[in-house]
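Shown below, as structure tokens, is a lone chain in the form predicted alone; questions about how it binds or moves come after it.
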Amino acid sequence: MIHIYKKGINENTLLLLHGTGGDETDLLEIGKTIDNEANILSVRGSVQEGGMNRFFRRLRPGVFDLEDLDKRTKELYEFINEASKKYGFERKKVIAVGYSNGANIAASMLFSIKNAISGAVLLRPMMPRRDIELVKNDNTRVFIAAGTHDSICPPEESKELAAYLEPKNKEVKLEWINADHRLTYDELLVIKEWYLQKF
């Protein structure tokens, strides 16, 4: 997978996962804002949709190709494992920071691969799927940043996602942001405060 790796000075690794049409450079400043001492592993989605990078296929807006989602989720998980060996970072201290499509594949890992990541910051996520029993993640902490005026990801999706994840993870925090699908600097400061307390 095309990616950027930057070695940090603490043991945490931020796995940065862009939104539809983005690439591995999109979230670098966001990662730096959250933890400027962490390792950075920023990945480009390997699926193309109308010339735009994505992490998995969809049948139409809001309707995911679940077979492809399952395949790509496993591929991303294996890539993290391989990257941890290649770059020498602590595999048990990987925290995903995903926006939109990137948040959805991070949520898919939380759903289907036990203890795949130690934490996740899900920025404007949707429910990745409703057809499987969720795995139990022993020590995983999750922050969901949902926009109150988000027309791409309706508030009901964020509520449902939090409800699915809460029984299966150590902590799930749902934060309502007075914004649409776009991110705000103020919410990044809230996320940073939460992150520094938990990791």
Ligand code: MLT
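Don't overthink the numbering: it's just position in the shown sequence, from 1. It should be emphasised that the depicted structure is a prediction, and the values quoted were computed from it without experimental measurement.
In what follows, reference is made to the form predicted in complex with this ligand, a form of this protein that is not presented.
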Note: this ligand not shown here; in the predicted complex, the stretch from 164 to 172, 37 to 45, 132 to 140, 58 to 66 having heavy atoms within 4.5 Å of it is 58 to 66
Answer with yes or no whether residue 12 is in contact with this ligand in the predicted complex, where contact means some heavy atom within 4.5 Å.
-> no
Non-hydrogen atom contact residue 101 with this ligand in the predicted complex at 4.5 angstroms | yes
Decide whether residue 107 counts as a contact residue for this ligand in the predicted complex under a heavy atom distance cut-off of 4.5 Å.
-> no
Taking the shortest heavy atom distance, is residue 152 within 4.5 Å of this ligand in the predicted complex?
-> yes
Note that this ligand is not shown here; using its position in the predicted complex, name the residues of 109 to 133 with a heavy atom within 4.5 Å of it, in sequence order.
-> 126
